[in-house]
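Below you will find one chain, with nothing else, as structure tokens; this is the form predicted on its own, and questions on how it binds or moves follow later.
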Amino acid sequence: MSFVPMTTLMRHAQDHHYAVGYFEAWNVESLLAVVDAAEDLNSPIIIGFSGMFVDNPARRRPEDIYHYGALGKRVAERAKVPVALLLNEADHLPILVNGLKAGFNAVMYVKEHATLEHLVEVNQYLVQTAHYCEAAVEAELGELPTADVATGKMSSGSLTDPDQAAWFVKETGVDALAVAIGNVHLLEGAKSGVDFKLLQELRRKVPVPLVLHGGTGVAPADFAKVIDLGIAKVNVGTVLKRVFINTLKQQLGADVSKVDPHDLVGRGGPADVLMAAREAMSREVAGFLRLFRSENQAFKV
């Protein structure tokens, strides 16, 4: 069966010295682009959507998480490689609980500037609920800085404390822990500096698989080292949307007023702009899968 627990994928990655990639999607084309790359490279994969984006109060039309769950689960079940489905980084509990009902087999709660007590309380509840549904919970301790491409500024963050992380995992029972070790959210055009010594200490003290968010801003050469030091899952999002957008821009740069609109969108042929963006994104995902050393690991899971 292709739809597998996220914990199975992370444990296998940890035991076999690679990282499983989570590549965030936002629509059908982006979701299939991830699976295309995973199937081409025989790589286990984690697909999913951002809870904060789907549940964004500024959306012009509210979204139904059940649509996303049904879509993601069906794509996972039909895939030729092992796939888990994550509802990533949601900051409201109702969407996470409904996400579990909708078919996600992994969820993650985040809250900017939340107290430790709040994170413990929420994750204890979420673990109890998710485990009842045979799903996994990822949590984050520490806070990643966030880069703003419009202003060039970066918010402050806080590194993950190893002793506090070990205590937190014991108190909550979470299945995976995302750590702040110098990585940055939304970082484009530059690379963050990873604290390898801190990662080594976290791996020594924290018993669950460790996760690295902000994969877009990590130098390609650093992935091998963070994997060797204990990272079992890497999240990538920002660069995928940038590749998708740039491809659409390039494809639509010419005058398309005399081109059959069905050729531009829907037929999937050489002129289809959404297919071009899907293929470009798939190539980007494949590059990360090779960096993560997950190629040809699918049939070993």
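Residue indices: 1-based, along the sequence shown. This is a predicted model, so every value here is computed, not measured.
There is also a form predicted in complex with 1,3-dihydroxyacetonephosphate (13P); it is not shown, and the following applies to it.
Enquirer: Consider the chain as shown here, without its partner, and state which of 88, 123, 105, 160 has a heavy atom within 4.5 Å of 1,3-dihydroxyacetonephosphate (13P) in the model of the complex.
Expert: The residue from 88, 123, 105, 160 that makes the contact is 88.
Enquirer: May I ask you to choose, among 229, 71, 186, 127, the residue with a heavy atom within 4.5 Å of 1,3-dihydroxyacetonephosphate (13P) in the model of the complex?
Expert: Contact residue from the list: 186.
Enquirer: Identify whether 1,3-dihydroxyacetonephosphate (13P) in the model of the complex is within 4.5 Å of every residue in the set 24, 216 and 238, based on non-hydrogen atoms.
Expert: Looking in the model of the complex, the three residues 24, 216 and 238 all sit within 4.5 Å of 1,3-dihydroxyacetonephosphate (13P) (heavy atoms).
Enquirer: Have a look at 115-123, 72-80, 208-216, 161-169 and name the one stretch with heavy atoms inside 4.5 Å of 1,3-dihydroxyacetonephosphate (13P) in the model of the complex.
Expert: That would be stretch 208-216.
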